[in-house]
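Read the single chain below, which is given as structure tokens and is the form predicted on its own.
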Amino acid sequence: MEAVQTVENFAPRVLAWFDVHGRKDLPWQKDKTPYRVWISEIMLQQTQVTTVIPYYEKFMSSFPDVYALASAKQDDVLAHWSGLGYYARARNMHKAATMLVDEFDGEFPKTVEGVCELPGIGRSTASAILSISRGVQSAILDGNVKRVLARFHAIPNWPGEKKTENRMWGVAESYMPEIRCGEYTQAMMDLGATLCTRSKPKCHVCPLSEDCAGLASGEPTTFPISKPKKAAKPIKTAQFVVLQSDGKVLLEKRPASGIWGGLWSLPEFAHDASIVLEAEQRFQCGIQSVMALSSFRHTFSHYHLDIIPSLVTVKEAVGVHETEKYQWFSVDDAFTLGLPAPVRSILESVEKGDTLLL
């Protein structure tokens, strides 16, 4: 990759556009403390703004500052995250809050390097937190900014390559102005999110179109170059059992690490296991009825999971002894817990059906 030639007046044009068209009324743009910006930045990773807003508002209502978050139980934090996915983000956030309270008196470090020491925070997120909340001159390189820069300079390499990414960091830093750093950071995010989009960029109203090499090529959506294709994702299959008795369901606490770490889930059986035999053996309970529910596919980053759910009614709940791993919950109480999205979907479909859960 050849050296990228930067363009004069890049930042002023971006800021002038932001002054007129930028987003300024999002919940996390009010009272821009490091804590509030941090929560928004973590939630916005892999998640659309419209999805994040209600989660953010509820989260901030329950955990208005780092002390409230640090003192909360992880189950409560995960419950507020239920449905957002990528639950390691919430676990790391809780750990980071504890570190901030225990080691930094509740204050964020003043440098990007210092903020990067916190769990779940990388260079770009740390820069966003400090530039937006404190005006620190530190560039970001999130997905939106990568797309803007890769397209503007028609960079002929996949930005995920380390060598290419390092050069793009250099470009991002060269454009970072000395003043209005926080506004510029927000402007670059907005530019990528609202104009320089993946499939239908609005080049005719972009403040950078005059010098955009991607637009000049005639095929701006070619950039950024796509990640080289991998082999098709593997497919796994599992049975999820809604074990119910006396209007309650049995939930299983997932291990702290791994998929859905720390969340409450439904008991999971091998795809070829006999539900009756497995349930009676595992839980020492008499099965009264078994009802097959609609199967569906849930996709993770590395594989597809085909879920075969069943509704199993047992004669008495007393045969299943509650432990830290297994506990009975009313349906209403279950919905207040941290649940994986497919588990929540299964329980919602059961609740709406003609079952004992009504």
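Numbering starts at 1 and runs along the sequence shown. This is a predicted model, so every value here is computed, not measured.
Just so it is clear, the following notes concern the form predicted in complex with the DNA, a form of the same protein that is not shown.
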**Q.** One stretch from 135-143, 180-188, 101-109, 277-285 that, in the predicted complex, holds residues within 4.5 Å of the DNA by heavy atom
**A.** 135-143
Q: Counting non-hydrogen atoms within 4.5 angstroms of the DNA in the predicted complex, say which of 167, 254, 80, 89 makes the cut.
A: 89
Q) Of 289, 45, 330, 33, which residue is found within 4.5 angstroms of the DNA in the predicted complex when only non-hydrogen atoms are counted? A) 45
Q | 4.5 Å heavy atom contact, residue 121 to the DNA in the predicted complex | A | yes
Q. Is residue 85 one of the residues lying within 4.5 Å of the DNA in the predicted complex, judged by heavy atom distances?
A. yes
**Q.** Interface membership of residue 248, the DNA in the predicted complex, 4.5 Å heavy atom rule
**A.** no
Q: Please run the contact check for residue 147 against the DNA in the predicted complex: heavy atoms, 4.5 angstroms, yes or no?
A: yes
Q) Would the DNA in the predicted complex be within 4.5 angstroms of a non-hydrogen atom of every residue among 28, 58 and 62? A) no
Q: Could you list which residues of 150-165 come within 4.5 Å of the DNA in the predicted complex, counting heavy atoms only?
A: 158, 162
